[in-house]
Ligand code: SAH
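Before any questions on binding or motion, here is one chain by itself as structure tokens, the form predicted on its own.
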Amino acid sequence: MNSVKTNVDPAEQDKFDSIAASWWDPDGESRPLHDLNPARLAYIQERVELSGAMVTDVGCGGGILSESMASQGASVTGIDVAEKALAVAKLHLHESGCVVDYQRATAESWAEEHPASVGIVTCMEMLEHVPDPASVVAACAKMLTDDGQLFLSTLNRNAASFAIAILGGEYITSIIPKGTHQYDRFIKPSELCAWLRASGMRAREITGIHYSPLERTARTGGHVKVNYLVHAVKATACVPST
């Protein structure tokens, strides 16, 4: 893996490699990702045309979102540093019949090698797992064409997110493995917007994504106290309202 900048936490990489075998089990340790995925995909589809689009999915893991976008006609490249998760993603293509180009790379190294190469970049539930999330945001911006659009999701940093994501998700309901999240790496929307501005982007929309583990459903809209989505564009771009 060529790397311009190493922005990888080995413990985080090992964590996601350790659950790789169960990535595509909808009732396994990746259950929340499966439950969240329809809402995330719908959010993207409501704002961009995926059919025929060139997409880079940063932090693709086992490929849940990557495959969903490919199934809608997008040409998707999924990048990640977790080698075992990528191996599982590649194997699942034989089962699904989808076409996704999976590559082992950091966001920074990929952006250096493929600047201004795609119209859509997605980076979901990844920023809170790297030492320098601002660097990932800058790399995502660098990958985009001038009219490109960026979709991010992460966790807010406050008492509500700690109670729901860590205490509730990891310790009370145990729907995700203990230690999945580190509270000090959660990201306030104001911080994320500042990183976007520094990268020549602007947040077009910030909205919540709300997960009901008992009903196994997710919806977008409303408050951003816990999980939230950001749709961003280049600061000079003029994107028509949808």
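Everything numeric in this text was worked out from a predicted model, so none of it was measured. Throughout, we count residues from 1 along the sequence that is shown.
Below, we refer to the form predicted in complex with this ligand, which is not included among the displayed structures.
In the predicted complex, residue 137 stays away from this ligand, with no heavy atom inside 4.5 Å. For residue 106, a non-hydrogen atom is located within 4.5 Å of this ligand in the predicted complex, even though that partner is not displayed. Although the partner is absent from this view, residue 70 stays clear of this ligand in the predicted complex, with no non-hydrogen atom inside 4.5 angstroms.
Proximity of residue 130 to this ligand in the predicted complex falls within the 4.5 Å heavy atom cutoff.
Note on contacts: among 121, 155, 100, 126, the single residue with a heavy atom within 4.5 Å of this ligand in the predicted complex is 126. Among 81, 165, 141, 74, the residue placing a heavy atom within 4.5 Å of this ligand in the predicted complex is 81. The three residues 8, 60 and 64 all sit with a heavy atom within 4.5 Å of this ligand in the predicted complex. Contact with this ligand in the predicted complex, defined as any heavy atom within 4.5 Å, is confined among 209 to 217, 32 to 40, 195 to 203, 47 to 55 to 32 to 40.
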